[in-house]
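A lone chain, given as structure tokens: the form predicted alone.
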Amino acid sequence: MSGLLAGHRAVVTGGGSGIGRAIAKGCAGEGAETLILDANSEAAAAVCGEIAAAGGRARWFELDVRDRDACIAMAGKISGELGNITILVNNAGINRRNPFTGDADAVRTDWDDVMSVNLDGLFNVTHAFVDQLRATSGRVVNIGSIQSFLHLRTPNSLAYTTSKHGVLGFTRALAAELGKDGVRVNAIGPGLVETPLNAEARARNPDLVRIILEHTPLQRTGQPEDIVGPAIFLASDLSRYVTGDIIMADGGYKTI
């Protein structure tokens, strides 16, 4: 442990699995008191156990980021019991892969589900904690995607691509507004990272994985741990003059 986040209190949404789990463990490993917020309480508790076993400090809380009132209550609970947070990692997200020209009801459901988590959830959590972040000159790390810039060669995730474009826009707009308060807001753009979120899609469509890897200079899929370094950099003072930007962690996909 190098202690890059010593003295910090970090919230990680969707911290019970995948990229969120890796980032939560990474934050704790760098000395932050790490608070895992996840709709899956069992998964969140398990990650807390892993952090404790490694000598870190963590607590978990069950939270559905779609519920604005619950987010506000959670922010108040954390501030009252533990103190203000200094780091917010907005990782919670979902995907749907039905084509826009497919079943109309399914397309509408996909859109509502994805936007409610990936954008409304992002707004709900950030807005609930913004006063704490302003009070501590905190930092926000949003999880975007290569689909914050482009659409993969998969013509069936329109809602996800739209939402991740929105994450980048939100990041830039909030950075511009909160800079005067000393709050830095940045994003990470992962490529194809092997997580439970996309496990079924990878297994069902190996040609999709092959097509993506053919376009990826590093010629491999990412692992959740590949996103930890960028997250720690953006959450720490190493990036103290960086805001409103996005770090790509896509194996080079966006470069060619």
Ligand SMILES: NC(=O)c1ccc[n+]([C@@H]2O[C@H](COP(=O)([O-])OP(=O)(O)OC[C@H]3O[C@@H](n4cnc5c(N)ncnc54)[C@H](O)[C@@H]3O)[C@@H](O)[C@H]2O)c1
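Computed from a predicted model, the values in this text were never measured in an experiment. Residues carry their position along the shown sequence, with the first being 1.
The following text describes the form predicted together with the named molecule, which does not appear among the structures shown.
Contact annotation for T195: at least one heavy atom lies within 4.5 Å of the named molecule in the predicted bound form. Using a 4.5 Å cutoff between non-hydrogen atoms, Y160 counts as a contact of the named molecule in the predicted bound form. The closest heavy atom approach of S236 to the named molecule in the predicted bound form falls outside 4.5 Å.
Shown alone here, L88 lies farther than 4.5 Å from the named molecule in the predicted bound form, counting heavy atoms only. The stretch among 175 to 183, 73 to 81, 133 to 141, 93 to 101 whose residues place heavy atoms within 4.5 Å of the named molecule in the predicted bound form is 93 to 101. The three residues G18, N40 and R66 all sit with a heavy atom within 4.5 Å of the named molecule in the predicted bound form.
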